[in-house]
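Next up: just one chain, as structure tokens, the form predicted on its own.
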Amino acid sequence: MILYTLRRLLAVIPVVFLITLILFLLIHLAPGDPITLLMPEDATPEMIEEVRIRWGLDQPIWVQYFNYLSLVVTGDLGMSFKYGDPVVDVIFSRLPATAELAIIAMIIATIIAIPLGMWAGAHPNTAVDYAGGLFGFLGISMPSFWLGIMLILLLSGTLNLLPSSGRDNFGITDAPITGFNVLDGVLRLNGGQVLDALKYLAMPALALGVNMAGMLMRVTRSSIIDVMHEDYIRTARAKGAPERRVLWFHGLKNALIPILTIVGLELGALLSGSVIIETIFAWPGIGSLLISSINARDYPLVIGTILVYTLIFVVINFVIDLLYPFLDPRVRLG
């Protein structure tokens, strides 16, 4: 198990290195000069050159990259051009909002997709299966940004049930403990804060969760169909085990590896795919931060934000890899 973990960990290092190189090259090849946004219109060439030297933008790009890489390995992502603060501080002030949104969206998707996929896979070519297939098709095909706009028009604009933007009402949320509004409300035993946070989370989380639920439902259905024809399922039925136990204990347990893989991939996709949803709902996460930093040509903040997205995605998949041996001993033995 230790050797398996080390192999997976070593495989992460070149991936992160390659991502930093690609990001750095792409952001510097993009049109636009951040100095023009940092300086006033009446700035003299001497002032512009002084600022360019101060930020290290006068050096060759390969020198800039290795200087940046030397900072990254120490956990320093540089200083933001726009905010004038360390990039790490700017990102981590926004990260809890994005993480909370992704977690709630994941919970919504799992609650919808797993039972529906289980029932559809256990009863193929029936009305339940067709209904599940229709939901899966709609979930995969429906753009999350379109669903978000429709939810705003219906639940906020027409029915006036939920707030259309933002993360909380002014004055309801106290100083953050963890940065997760729902969890902070629970820790403070503040029901009003929990309810307020859930109201603001409902529409963006649903817009993200429905798309993921469609994919997860289809994978769950296919996995259940595959395992329900295995010998151990026939043996369990021959022993007189109730069909519910056969499905949820024997079937789901052995179908978890592909399901877990999709959950890991989709959770990473939720974090990166929340950029548009955060913009639509004015959600103060790192997705909206990325858009504003791109508009400001804030090189360190853009690279740092995407690098954090990458690291989260890599860590999620690394954890999923570590869970495989516990679900299937053959992975560990291999």
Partner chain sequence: MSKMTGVTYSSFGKQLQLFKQPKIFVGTLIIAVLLVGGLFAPLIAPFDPNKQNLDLAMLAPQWLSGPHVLGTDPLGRDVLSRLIYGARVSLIIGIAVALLSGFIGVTLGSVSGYFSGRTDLIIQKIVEVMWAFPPLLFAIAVIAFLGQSLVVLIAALVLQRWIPYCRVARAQALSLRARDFVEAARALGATDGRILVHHIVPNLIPTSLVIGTFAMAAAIISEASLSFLGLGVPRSIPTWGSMLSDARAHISTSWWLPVFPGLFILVTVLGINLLGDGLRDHLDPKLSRAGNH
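Numbering follows the first chain given and starts at 1. Between two forms, the rigid core is the largest collection of C-alphas that superpose within 1.5 Å. Small disclaimer: the values here were computed from a predicted structure and weren't measured.
Below: the form predicted together with its partner chain, not depicted.
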Single option in Arg167, Arg94, Arg218, Lys82 placed near its partner chain in the predicted bound form, where near means a heavy atom within 4.5 Å: Arg218
Tell me the stretch among 189-197, 176-184, 96-104, 135-143 that has any heavy atom within 4.5 angstroms of its partner chain in the predicted bound form. 135-143
Has each of Ser70, Ile111 and Phe318 got a heavy atom lying within 4.5 angstroms of its partner chain in the predicted bound form? no
Can you tell me if Gln59 lies within 4.5 angstroms of its partner chain in the predicted bound form, counting non-hydrogen atoms only? no
Hey, in the predicted bound form, is Ile291 touching its partner chain, heavy atoms inside 4.5 Å? yes
Could you tell me if Ile48 has a non-hydrogen atom within 4.5 Å of its partner chain in the predicted bound form? no
Hey, in the predicted bound form, does Asp226 get a heavy atom within 4.5 angstroms of its partner chain? yes
Using a 4.5 Å cut-off on any heavy atom, which residues of 294-312 would contact its partner chain in the predicted bound form? Ile294, Tyr299, Val302, Ile303, Ile306, Tyr309, Thr310
Compare the position of the CA of Trp55 between this form and the one not shown after a rigid core fit and state whether the shift reaches 2 Å. yes
